[in-house]
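The chain below stands alone, shown as structure tokens; this is the form predicted alone.
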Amino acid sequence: MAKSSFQTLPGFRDFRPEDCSVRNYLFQTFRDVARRYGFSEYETPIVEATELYLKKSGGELGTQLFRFEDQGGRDITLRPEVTASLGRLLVDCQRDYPKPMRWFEIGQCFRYEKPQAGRTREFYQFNVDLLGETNPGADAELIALSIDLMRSLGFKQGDFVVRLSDRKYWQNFATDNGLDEEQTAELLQIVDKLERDKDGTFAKKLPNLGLTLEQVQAAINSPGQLSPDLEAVLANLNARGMRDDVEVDLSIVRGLAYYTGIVFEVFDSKKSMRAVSGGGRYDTLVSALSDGKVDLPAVGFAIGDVVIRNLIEQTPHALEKMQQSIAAQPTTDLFLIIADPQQEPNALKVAAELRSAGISISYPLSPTKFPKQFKMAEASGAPFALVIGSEFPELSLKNLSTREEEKFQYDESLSQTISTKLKQ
């Protein structure tokens, strides 16, 4: 097989039709769940000023930017995540909307990091944010939405777990141990990496902060009384019947610096891959981006298309649901078989009429032998073939899976007749 001398860049993807079908399934599920919770869709640019990400994101994100200078001499970046763009937008427009605001976006993002399982350099991110509300009920609402999303994608209880934490706990821990703001940020980065710190690289940094690994592990494993916010979230989720989907795990702190309170991550129960999704409260981001002019508390979470697709493909019942959903929405509803070449004008008339009625149609674009047309019909994925032959205006509708055939006359009710058959 011939192969192009040009290949996709490392970490980037082509989307063949079957891949687009999977992506469309994910996007539709994202939108359906968000709208069930009363969220409205928005969109921000794929390119932003680099300063937007350097100002507040923190962590390793600054080293993963697709950053360049445009022809106008501006320092710009392909967005690595959506929340910073939302924060910038809110500085200008939040006053135009009643609070709380429920917004979501599905956008493409880019990070220059090592491609690996569940991680590419370009990906789509479903970003959901609840803005202008400080009550822990808002945090619980977002966590509940993330659980409902997993269920809607075909996962069952026990397939996944939401690991819940509170950054304020670590802020208090840092204060109690005499750490300044810069040292606290370093501590959070270390805690964020400890679970994956197989060679002890990050644990070795703790003595620089005057801490030991034993102290930090004790803080994770024996936290004492939970914060009132965490208790409120757990009670809220319990009332929804979702408490068993959640576990308190104070090792979760999230990598981005703008988080200020409750944070959470969704993992597969076996923890066989990176977090499927995550988020938390970021009450100071909008204030920081507006130099203190706008104060807007917020909580949000995001899920990427790569890792969730991987998990679906590893979970038989979720994979079956996705495949059934895709199969139920074929690209083509009906394939026209032109059994008599002299009937091509009538076939074109029928195709135009049915397409105007919203029925998707495919047919041979050049003279093709009758048996080959049937093979083309089967390859198209259409559930039915409509045969137009010398008997026109008599037509024959054939079910391509059962081979059942029904004959009827062409008249003004054709589109209604075909629509009824397709719905059966």
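Only a predicted model underlies this, so the values are computations on that prediction, with no experimental measurement involved. Don't overthink the numbering: it's just position in the shown sequence, from 1.
Unshown form predicted together with a further copy of the same chain; subsequent notes refer to it.
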Hey, of 329 to 337, 249 to 257, 308 to 316, 187 to 195, which bit sits against a further copy of the same chain in the model of the complex at 4.5 Å between non-hydrogen atoms? 329 to 337
Please tell me whether any heavy atom belonging to Q225 falls inside 4.5 Å of a heavy atom of a further copy of the same chain, as the geometry stands in the model of the complex. no
Wondering, does G178 line up within 4.5 Å of a further copy of the same chain in the model of the complex on heavy atoms? no
Close approach of E141 to a further copy of the same chain in the model of the complex, 4.5 Å, heavy atom: yes
Is the gap between Q183 and a further copy of the same chain in the model of the complex 4.5 Å or less for some heavy atom pair? no
K205, K321, R119, R240 - the one with a heavy atom within 4.5 Å of a further copy of the same chain in the model of the complex: R240
Of the residues spanning 35 to 54, the ones with some heavy atom within 4.5 Å of a further copy of the same chain in the model of the complex are R35, R36, Y37, G38, F39, S40, E41, Y42, E43, T44, P45, I46, V47, E48, A49, E51, L52
